[in-house]
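One chain is shown next in structure tokens, namely the form predicted on its own.
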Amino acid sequence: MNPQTNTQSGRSAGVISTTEKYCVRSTFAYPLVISHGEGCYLEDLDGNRYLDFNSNVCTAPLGYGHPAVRKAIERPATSGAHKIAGQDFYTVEHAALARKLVSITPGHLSKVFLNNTGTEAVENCMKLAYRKHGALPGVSCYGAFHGRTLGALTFTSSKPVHKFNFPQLPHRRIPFCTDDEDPRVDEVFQVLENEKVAFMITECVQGEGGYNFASTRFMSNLQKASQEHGVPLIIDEVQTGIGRTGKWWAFQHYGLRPNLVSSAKAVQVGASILQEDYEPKESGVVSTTWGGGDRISLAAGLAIIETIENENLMEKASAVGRSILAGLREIKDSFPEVITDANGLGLMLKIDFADGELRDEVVKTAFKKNLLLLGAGKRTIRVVPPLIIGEEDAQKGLDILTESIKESIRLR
């Protein structure tokens, strides 16, 4: 097939039409109907093959069809009981994944609660903090994204469309500072000196907010304020966790000691990881019917972590990440009037455009050229390929991105 002329035939078009007829309007980025995948590539129903530079929003760190994952899910998939009420009944997969998560997390975080999604992981971290400190306001950052269920949504503020007409819990917001010299970098101390709060929650790298990378001083201030005022620090690692930034957890780049951590996406299920003193004394304070999604997802999550560990993928991904970042900065230098920044940590990378319309056009053009990109924030394209990506595919993606920018500029 000619990679410049992908088409959506009756098969894809029919699925899209049915979805739009029966499903509530959501966030579909482009007319891609996924059939299957292999390595860093996805194929749609019409035989078009795409290089995936968004890893299905960081949920596919090993790409597609990895043999370790295929092998891991065989037994639970054929068990005849793959969907278990995991907080009511025990399974090998639940126990194994929980133990593995603790093993890759700093030792003071020794308990895990598994659920289904990232927003549930955030909500349960919040609930455990409320349980210990009371129904006080929580503190989050401007530009944050912590999920869409109503509790987590209070602390999300990346886009107005997420929040209009929805009720909110008591909360306070502080700036998310990306520069140590930001005059607002110490604002957290003022908030905690003036009011009692139940917790502080932040990402180390804002995901949906635009791939904003926290400054060292800002994160250090949060840690210091947490310790001085006895306020738990929740770090949201739903998008950054499980090796994406070159370490298991993004907070490790900052030397933080969070009290609770939320994870999901790459681990295939939602997970709240916490200090033992935040575990409730009574059973049933937190629970969920599906308790980790299902045994297939639990087994896949464990296989992903073990494969990243066994194949040294964080180190390999960091090296490729440095190469991609150098390429993104070359692209920035080639288009200084329309590209304002290129930055990254490990394989969590971004390129910023001068305006959102051009960014959107580049994403659409790249899709036509068989490269899958996604926006973030108002003007950002995230570049988060699978951790298994090699130099050849990395360069191929950069070449298509460059061509897409050139073509999009010509169309303006």
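The first residue of the shown sequence is 1; numbering continues from there. Owing to the predicted nature of the structure, the values given are computational and were not obtained by experimental measurement.
Below: the form predicted together with a small molecule, not depicted.
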{"property": "Which of 298-306, 105-113, 221-229, 141-149 lines the interface with the small molecule in the predicted bound form (heavy atom within 4.5 Å)", "result": "141-149"}
{"property": "Interface residue in the predicted bound form among Asn212, Gln239, Gln268, Ser272, criterion: non-hydrogen atom within 4.5 angstroms of the small molecule", "result": "Gln239"}
{"property": "One residue of Ser158, Thr154, Thr117, Gln87 in contact with the small molecule, assessed in the predicted bound form (non-hydrogen atom, 4.5 angstroms)", "result": "Thr117"}
{"property": "Distance check, Asp294 to the small molecule in the predicted bound form, heavy atom within 4.5 Å", "result": "no"}
{"property": "In the predicted bound form, Glu187 touching the small molecule (heavy atom, 4.5 Å)", "result": "no"}
{"property": "Close approach of Val122 to the small molecule in the predicted bound form, 4.5 Å, heavy atom", "result": "yes"}
{"property": "Partner contact for Glu93 in the predicted bound form: the small molecule, 4.5 angstroms, heavy atom", "result": "no"}
